[in-house]
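The data below hold one chain only, encoded as structure tokens and taken in the form predicted alone.
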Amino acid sequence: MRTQVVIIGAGPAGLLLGQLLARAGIETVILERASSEYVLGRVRAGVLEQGAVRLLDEAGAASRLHREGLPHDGFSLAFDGRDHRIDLFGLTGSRVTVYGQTEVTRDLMEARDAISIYEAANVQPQDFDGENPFVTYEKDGVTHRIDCDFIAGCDGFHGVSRKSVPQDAIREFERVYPFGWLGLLADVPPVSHELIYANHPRGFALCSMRSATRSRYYVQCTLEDRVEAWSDDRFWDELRRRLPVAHAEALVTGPSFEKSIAPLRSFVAEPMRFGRLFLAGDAAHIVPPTGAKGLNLAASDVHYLSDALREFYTEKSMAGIDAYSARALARVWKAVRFSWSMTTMLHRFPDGGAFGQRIQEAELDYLIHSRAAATALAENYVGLPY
């Protein structure tokens, strides 16, 4: 088989890239090691920047998002027992949309205009340092080969794409945080119509949602914590302790249908292009979810990469391809900085001590009393321009 672009990974990044390229008349094949059911079962972030929404519009996969997504014009910082609203729209003229990643993935699957091959085992990108790359994979015990012009690695942090790059050709930057997030999903109405980020002596908490009837809540936990040690009752009790009284009293609880612990890390791999292999999304970078940037960064990578590939096929120009890594990384590092800043400001660090706590308090106080500081926060939260 031959195609123009092979995309490894059928998460949102791979599906969005494939859809944008297909609509531009560029042939693609998407290879995914897992089943489509498994991919749809992943529970991930759900706060979309306007840039990501525009890309989904361009991909022809945003009609349900516009019907069911929840536009948010602000969010709350809760500390010292009080709520302090950050007026995103008033400060920037932009808003975000709450819409679950699972729903984005489903919409892209349903809109898919090209070939997707699921349960493709032992996927291997080959010869991407030359002009004739190809990808091999196994399906039903048979080895297949796809020749192509380019390979896009959208297969996540643990995928094969980045691991296929020679170690001396790539540089990795990482910060592992000394805590995790214990998350719970329940079919209960959200405690607030906007997100609440809470800084509390017992640790960080986040009140989020997937819809008007499905809530997503998190509490900071240790890396040694285990899900089995947290009953639903224990989780709800701990969440109440970390929220202002009005929210704690309004909290509607119910049985969880998903509970998990996620460690937090910042990670960036440079560059994001190796000959005719590109990295995009989690294959190239990971951010803590505090700033709601993971899915949005994947979308911005896809924006730069799809533009570069369209330019190559329509104008026979390598300019966009040559600039892809630098363009993507410039935005990636700003989002990494913002996510690090939010994480540092809102969490309790084991070695922070009294000094660290006073710094957090000063920063939070500055944010709510300085329009300039609040505007900088809001600009980053709604998404910097592509």
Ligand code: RFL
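All residue numbers are counted from 1 along the displayed sequence. Computed from a prediction, not measured in an experiment: that's the story for all the values here.
Below, we refer to the form predicted together with this ligand, which is not included among the displayed structures.
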- Stretch in contact, per heavy atom within 4.5 angstroms of this ligand in the predicted complex, of 70 to 78, 247 to 255, 292 to 300, 84 to 92: 292 to 300
- Identify whether this ligand in the predicted complex is within 4.5 Å of every residue in the set L31, Q101 and Y218, based on non-hydrogen atoms. yes
- Though only this chain appears here, would R337 touch this ligand in the predicted complex if you measure heavy atom gaps against 4.5 Å? no
- Query: Heavy atoms within 4.5 Å of this ligand in the predicted complex: does V53 have any?
  - Reply: no
- So, in the predicted complex, is G9 in contact with this ligand at a 4.5 angstroms heavy atom limit? yes
- According to a 4.5 angstroms non-hydrogen atom cut-off, is G156 in contact with this ligand in the predicted complex? yes
- Message: So this ligand isn't shown here. In the predicted complex, which residue out of V39, I321, I26, L329 has a non-hydrogen atom within 4.5 Å of it?
- Response: V39
- Query: In sequence order, which positions of 239 to 262 have a non-hydrogen atom within 4.5 Å of this ligand in the predicted complex?
  - Reply: A262
